[in-house]
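In structure tokens, the next block holds one chain alone, the form predicted alone.
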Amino acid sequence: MSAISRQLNKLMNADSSIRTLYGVASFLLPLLIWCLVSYTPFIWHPKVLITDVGGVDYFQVGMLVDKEMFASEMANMSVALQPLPAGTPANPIYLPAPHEVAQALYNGFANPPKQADTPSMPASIWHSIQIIFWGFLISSVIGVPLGIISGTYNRVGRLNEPFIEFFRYLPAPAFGALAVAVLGIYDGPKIAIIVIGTLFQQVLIIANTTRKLETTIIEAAKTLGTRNFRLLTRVVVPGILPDLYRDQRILLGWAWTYLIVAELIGTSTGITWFITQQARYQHFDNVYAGIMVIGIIGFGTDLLLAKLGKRLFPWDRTQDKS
């Protein structure tokens, strides 16, 4: 038996290594494409970075111009026997190179912003995290119990799910003006948009997860005299807990997708304010850095929750595939 156990452990470790390798490759491939587009002059590079203005009076060193314009001015200067401008192939300003984004990411945390009206990146991120936390917490406090009850008791589900199905198709940002009118211009409407965007999806998903619980378990519990609240707390919730945990991980990702729109409602705050301000000043390396921070935090949170789920529910085999 010990030999079989060792062999199984080797197979599991090999499978885990392969999954890790594919996971790393999924990030390296887009990064490789980005590097090729950024650092290989003969791949795209539709602009020319001026290094010598020559005889062109409106050119400036460091200026980006279209290749067609540069070629036209080269021809004009050649005909006029004026000094020729010089330049190197370059990408548009909205496509910075990876090292520029990495430098912006470092500067965002290490140095204060250059503009006085722009909050720092750490402060912006922390504010956004608070918006996500409170919005998803309120959504879960309402949506999880309602979803479990709807999935357990058919009459409750038939009563509320048709309206919820209708409401979930209404775009959450459409309620922005109403949320501002009711809750003011600060964080209240932003949290409300997160709640509206996740609550109704949450009820339906959790109700569906609850219905997947084997009916024989519920029938056996009822036969033994378990009813009402005890049926929910002693049978249904423990039975669906691993799947419920996984649903919440997915729904938390949905909450992050509503963040940018939510933070534009009322007073602009958080990482959205940082990104929009940097775009206004055409600091697109900072824009990319801000967007990447959102992805890093969201993905990192999901990885931590996945690791925690394996410890909380070691009997759930589906956790090994997540």
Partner chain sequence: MKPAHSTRPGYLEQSPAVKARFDKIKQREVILEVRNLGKRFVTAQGEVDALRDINFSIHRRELVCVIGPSGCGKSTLIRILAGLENHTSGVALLDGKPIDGPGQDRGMVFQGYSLFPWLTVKKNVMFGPEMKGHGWEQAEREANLWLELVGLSKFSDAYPHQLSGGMRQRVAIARALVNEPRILLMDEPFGALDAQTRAKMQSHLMEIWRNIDVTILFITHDLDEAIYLADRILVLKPNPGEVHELIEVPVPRPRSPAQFSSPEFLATKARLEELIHPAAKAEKNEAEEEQNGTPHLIRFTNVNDNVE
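Since we're looking at a predicted model, the values are computed, not measured. Numbering follows the first chain given and starts at 1.
What comes next is about the form predicted together with the partner chain, which does not appear here.
For the options 170, 185, 220, 102, the residue carrying a heavy atom within 4.5 angstroms of the partner chain in the model of the complex is 220. Residue-level contacts in the model of the complex: of 234, 158, 211, 249, one residue has a heavy atom within 4.5 Å of the partner chain, and it is 234.
In the model of the complex, at least one heavy atom of residue 226 sits within 4.5 Å of a heavy atom of the partner chain. When contacts are judged by a 4.5 Å heavy atom cut-off, residue 114 does not count as touching the partner chain in the model of the complex. Of the heavy atoms in residue 314, some are within 4.5 Å of the partner chain in the model of the complex.
At a distance threshold of 4.5 angstroms between non-hydrogen atoms, residue 238 is in contact with the partner chain in the model of the complex. Of the candidate stretches 91-99, 124-132, 211-219, 75-83, only 211-219 has residues whose heavy atoms lie within 4.5 Å of the partner chain in the model of the complex.
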